[in-house]
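In the form predicted alone, a lone chain appears below as structure tokens.
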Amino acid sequence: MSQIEWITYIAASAFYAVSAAIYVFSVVFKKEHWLKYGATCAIFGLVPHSIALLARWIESGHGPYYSMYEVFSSYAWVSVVLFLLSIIRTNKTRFAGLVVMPVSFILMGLGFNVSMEISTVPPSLNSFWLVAHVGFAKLGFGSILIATGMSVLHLLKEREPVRYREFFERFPPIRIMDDLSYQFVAVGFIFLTIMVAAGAIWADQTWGRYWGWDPIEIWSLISWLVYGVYLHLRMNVGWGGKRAAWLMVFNMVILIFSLFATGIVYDGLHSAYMT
């Protein structure tokens, strides 16, 4: 790891930490006007974070997808980018920083606890389909993380104490938060579908089969299925509101385990690439 990467990674982590703290405090202390400072800190963190990723890319000669450090860092970067873009698209998602920024900071922190050494990438990883596989995995996670943030806000608003009603009324209406969560999940599900398909094509190029029931493949399929079930319940069964919000929180736990823990917990073909 170069000195530039190390300094900018620390700077980004610090800005994300401040941003996460502001979002949490803005809800705890009912200070809506603090939210803009949380977003500003996220932007300030994104600049050195981008430099850190670029420095890593130049030094290693490959994208940030090989080691666990690169995985944690790149997932945090994509999540923050999508969150900030969502605020530009609709200001109603700004409260979702209550979930997005703490999770992004935790991912950065996890990057400090794994090896940051640069490893040689085997020829089997030099594939367009691998880039598509990991790229759409990050996009899927970032989209669904925003959806989960809206679901958490939904649950908070439903339980609002009477004395804090004036503050919680500044949240988007429950119906709108429910719809936004659904929309971001729908987009994330498309990304996860492409992730699974691209991964199967890459697996065929690398190992000579599209599907081998590797633990990570199994958990990727489980993650895809639980969000497929969510969408089915929303579109065909009429689920919504509190039940759908709790299901989103549960599904996010499964997705996080699938993306970040399976390569550590299980031995398999993918584990060799998650060092």
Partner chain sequence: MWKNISIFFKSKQLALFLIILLILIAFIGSIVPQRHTYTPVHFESLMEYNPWLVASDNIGLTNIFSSWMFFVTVIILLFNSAFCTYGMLRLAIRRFGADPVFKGKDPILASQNRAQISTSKRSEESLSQVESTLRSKRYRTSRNKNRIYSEKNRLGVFGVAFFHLCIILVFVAVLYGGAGRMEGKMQIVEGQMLLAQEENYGYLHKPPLFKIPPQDFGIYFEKFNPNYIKSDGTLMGAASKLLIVENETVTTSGFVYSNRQISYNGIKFYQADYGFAPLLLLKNSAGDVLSGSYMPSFYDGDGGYVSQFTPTDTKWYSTATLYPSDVPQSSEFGADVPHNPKIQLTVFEGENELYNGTLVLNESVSIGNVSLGFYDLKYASVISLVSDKGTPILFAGFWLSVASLFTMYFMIPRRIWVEVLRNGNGTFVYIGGKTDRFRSSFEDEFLKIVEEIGEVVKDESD
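Numbering follows the first chain given and starts at 1. Just so it is clear, the model here is predicted, and its values are computed rather than measured.
Absent from the display: the form predicted in complex with its partner chain. The rest refers to it.
**Q** Give me the residue from L156, V81, A200, V114 that has a heavy atom within 4.5 Å of its partner chain in the model of the complex.
**A** Of the listed residues, the single hit is A200.
**Q** Heavy atoms within 4.5 Å of its partner chain in the model of the complex: which stretch in 98-106, 73-81, 145-153, 185-193 meets that?
**A** The contacting stretch is 185-193.
**Q** Residue-level question: is I51 within 4.5 Å of its partner chain in the model of the complex, judged on heavy atoms?
**A** I51: no contact with its partner chain in the model of the complex.
**Q** With the partner left out here, check for me: in the model of the complex, does some heavy atom of W129 sit within 4.5 Å of its partner chain?
**A** W129: contacts its partner chain in the model of the complex.
**Q** T206: heavy atom within 4.5 Å of its partner chain in the model of the complex?
**A** So T206 counts as contacting its partner chain.
**Q** Using heavy atoms and a 4.5 Å limit, would one call I43 a contact residue for its partner chain in the model of the complex?
**A** Output for I43 is no: heavy atoms all beyond 4.5 Å of its partner chain.
**Q** Please determine whether each residue of Y210, W213 and I222 possesses a non-hydrogen atom within 4.5 angstroms of its partner chain in the model of the complex.
**A** Yes, the whole candidate spot contacts its partner chain.
**Q** Between 82-115 and its partner chain in the model of the complex, list the residues on our side with a heavy atom within 4.5 Å.
**A** Contacts from 82-115: just K92.
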